[in-house]
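Only one chain is included here, represented as structure tokens and corresponding to the form predicted on its own.
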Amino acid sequence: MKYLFVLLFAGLTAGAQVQKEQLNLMPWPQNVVINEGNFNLTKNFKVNITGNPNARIFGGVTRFLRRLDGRTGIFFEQGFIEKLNEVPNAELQINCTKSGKIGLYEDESYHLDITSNKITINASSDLGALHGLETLLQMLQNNSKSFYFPVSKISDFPRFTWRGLMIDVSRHFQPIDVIKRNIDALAAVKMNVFHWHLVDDQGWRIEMKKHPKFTQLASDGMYYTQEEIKNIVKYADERGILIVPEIDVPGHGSAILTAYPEIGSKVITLTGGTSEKNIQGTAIATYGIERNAGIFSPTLDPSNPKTYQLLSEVFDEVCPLFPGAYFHIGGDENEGKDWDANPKIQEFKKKHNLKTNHELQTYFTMQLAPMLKKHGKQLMGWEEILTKDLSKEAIVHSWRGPNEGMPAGQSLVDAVKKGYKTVLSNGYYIDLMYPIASHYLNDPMPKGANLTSDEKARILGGEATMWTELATPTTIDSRVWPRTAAIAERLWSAEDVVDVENMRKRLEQISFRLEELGITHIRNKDVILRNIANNQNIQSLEEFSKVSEPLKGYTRNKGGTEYQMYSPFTLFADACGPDAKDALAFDAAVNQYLANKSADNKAKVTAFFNKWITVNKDLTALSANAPLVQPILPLSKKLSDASQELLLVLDNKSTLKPPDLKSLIEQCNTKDHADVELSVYESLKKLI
């Protein structure tokens, strides 16, 4: 009888009306209305396109159909979309009035109307239509037998025009497939900018036909050919994504100067104390590709005409590869040590009445602006480029905040008040392994800044930044996703969409959907855990990873020297991520128990303790034939010891004195094992 009731209940709920709160849309649209009824999918489902869109819409609709039939297992009769108005009576009608241009300020809005027998997407351009298709995919529901879309109306548009992700491919080179799958994921969450950080101290990643020494001497053989770059640009264009390349100058210059040391700023002192100052052109410093992380001295010489000649030739070759209107020249973290030590450069400063290195860098930056403008490019750089003499055409990329001793958002406010357009990355540094809520609640529009409407309009949006000192092709997706989807929502959705718990619920489903695009953030975790387990059972490692997170900020790689660019990144910390799943669930259970110490609530807490005691035993057994498990054991034992004692505490059987109990819990706050920390420490403290 019980099972009959369950079956009857399942039948009732299968046909129940979907509520707005049940939808797993991300970014959340500007306006969603759910009505009675459903549109049921069948193999006869077809798509028709009308209007005057860019040809990218044909590939976009074909990919939509393949993702939809892949998800549902339905053998749609329609294969590839190749021209306008192919199927006038199709159930999904897409109308675009114009061809979308890849860039800022394009109309990306769309209107999605789902009735019981027809679906319509109306958009100004194909870019908006592509966004509408992503929303439609997210609207898909199912019961036990079929798939359907709930009858609904959605009107949507982005809050900010710049919604980006930066991937650094200099520290760890990221192959083409990594770049392409991340571009697919960006499109899936309605982001529109891919910032490609191509050159830094650790490598030059662009084939240069006229200057082959860049790749011969400064790439370790890992770079993109110009044809590969063109292919990726085309791939991004087809998905509505603007690519902004970055060559970081004048600092972060180790790779550039490894190839062309003659434009470096370092002074060589020869035997007998003779310096470069009095033997101009005789002594040239040598440089090498950097293998560590950090800020380094090698800097281009702004007083040397050859510097500008080389950069002009570089831009002449690189700019045509990227049809977008923006070029990022870096400009960050130049400490000026080599400038200060070089008498020739000091003389140059005096001659040009440049009082500080900051003014000298602005001089340097402004020499690059016309080189880029010649190719129709607008110069963009990290916030250090901002001085009183910087051209108002430059875009200032705001990245510093409390970690750098500055108020959050201050550089962004300074830039817009001085008349510059700006993009925010402070608070979106996803490589720092900070919890998702810190990114989600970080808004590009600063509160209490008293900005005028014109100043607000200069805030273009934001950009998640993925530096790759500690990220390889195997692990990078797990550092970017799914958190970047939450950042995408902050940049797209209304300002008041800030419910963190609701976001977490939706993000869990979006995370699974990212896998269909090839994102490896879920599957590669098991690859790493199997390596750690020496191909034994990984369940105990999986469970322990649910309460362990990589050390935050840059504390995992102390001084930037514990890991080199060729070190192994197949360790337990590489399998772990922020927002450890059981830590969140345990904290909720603890809060529930402290609010109401019922037997049920107590049981939820004690279940975690019993699990962690078992996990410790299993990890110890696993380590007998798995050396890589050994570094985890001290941390696992500390959690097990605390769990055993807290079980006694909850039963009022503990004999430990309060200071000893506190000391036991404090041991769970260690940062000394396997480059991870226990994310349940704060919750454990609540219980004592």
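Start at 1 and count along the sequence shown; that's the residue number. Keep in mind it's a predicted model, so treat the numbers as computed, not measured.
The discussion below concerns the form predicted together with a further copy of the same chain, not included here.
> Pick from 521-529, 480-488, 546-554, 182-190: which stretch has non-hydrogen atoms within 4.5 Å of a further copy of the same chain in the model of the complex?
In short, 521-529.
> Does Ala626 reach a further copy of the same chain in the model of the complex, with heavy atoms at most 4.5 Å apart?
Although a further copy of the same chain is absent here, Ala626 would touch it in the model of the complex, with heavy atoms inside 4.5 Å.
> Should Asn353 be counted as a contact of a further copy of the same chain in the model of the complex, where contact means heavy atoms within 4.5 Å?
Contact check for Asn353: no, nothing within 4.5 Å of a further copy of the same chain in the model of the complex.
> Taking 4.5 angstroms as the cut-off for heavy atoms, does Ser144 touch a further copy of the same chain in the model of the complex?
Ser144: yes, in contact with a further copy of the same chain in the model of the complex.
> Check Pro634 for me: does it contact a further copy of the same chain in the model of the complex (non-hydrogen atoms, 4.5 angstroms)?
The answer is no: Pro634 has no heavy atom within 4.5 Å of a further copy of the same chain.
> Pick from Gln309, Asn231, Asn117, Ser391: which residue has any heavy atom within 4.5 angstroms of a further copy of the same chain in the model of the complex?
Partner contact (heavy atom, 4.5 Å) among the options: Asn231.
> Tell me, which of Arg71, Lys597, Lys374, Lys153 has a heavy atom within 4.5 angstroms of a further copy of the same chain in the model of the complex?
Of the listed residues, the single hit is Arg71.
> May I ask whether Glu77, Arg513 and Asn535 each come within 4.5 Å of a further copy of the same chain in the model of the complex, counting any non-hydrogen atom?
Every listed residue reaches a further copy of the same chain in the model of the complex, so yes.
> Could you run down 81-117 and flag each residue that has a heavy atom within 4.5 Å of a further copy of the same chain in the model of the complex?
Going through 81-117 in order - heavy atoms within 4.5 Å of a further copy of the same chain in the model of the complex - there is one hit, Glu82.
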